[in-house]
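One chain follows as C-alpha cells, the form predicted on its own.
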C-alpha cells in the first residue's frame, strides 16, 4: 500500500509492516494503524507514522538505551489487549519530544508504547503509580563520553 509520510514523502509499505493500535493512541483515538520507519541520520530513533494521516508522526526510541534502569510492569489489560503471552514477543519504545537544541529533548517514560512482535498489535500504555514523568530528559542519562 502507498502512504504519505511526514518525513519520508510517498512510500510503499507491506501489510505486514503495519502496526495495529486497536484503541488508537491517547489524544489520537481514531488513528489505528501506523508503521515504524527508520530515521536514517540517527539509528537510535525511529518514526511511528500514521498510515492515514500524513502529518501524524512520532519520534520513538528504545528507552533502555538512555536509562538502563528503566523498569515497569505491563498491566493485565495491556497483556490481554495485545494478546501477549511470551516475553520474547515484547518490545517497548517511548515517544520523544524533540527540542532545539536536540540535547534538551525529552521522552515520555510514563507512557511506553508496547509492541507485540508476534501479531503486529501495539498500545501506548500509561503507567500509574510511577515516578516516571512524561518529559524526562534523555541525554543527561547517557554515560559520560570519554575523550
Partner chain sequence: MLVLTRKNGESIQIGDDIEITVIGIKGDQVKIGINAPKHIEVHRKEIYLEIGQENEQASTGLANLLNILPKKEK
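Residue numbers count along the first chain shown, from 1. Please read all numbers here as calculations on a predicted model, not as lab measurements.
Note that the form predicted in complex with the partner chain isn't included here; everything after this is about it.
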*residue 135, heavy atom within 4.5 angstroms of the partner chain in the model of the complex*: yes
*4.5 angstroms heavy atom contact with the partner chain in the model of the complex for residue 58*: yes
_Considering non-hydrogen atoms and a 4.5 Å limit, does the partner chain approach residue 41 in the model of the complex?_
yes
*Touches the partner chain in the model of the complex: residue 95 (any heavy atom, 4.5 Å)*: yes
*Any chance all of 52, 117 and 120 sit within 4.5 Å of the partner chain in the model of the complex, going by non-hydrogen atoms?*
no
*asked:* Just to make sure I understand: among 4 to 35, which residues lie within 4.5 Å of the partner chain in the model of the complex, judging by heavy atoms?
replied: 6, 7, 25, 26, 27, 28, 29
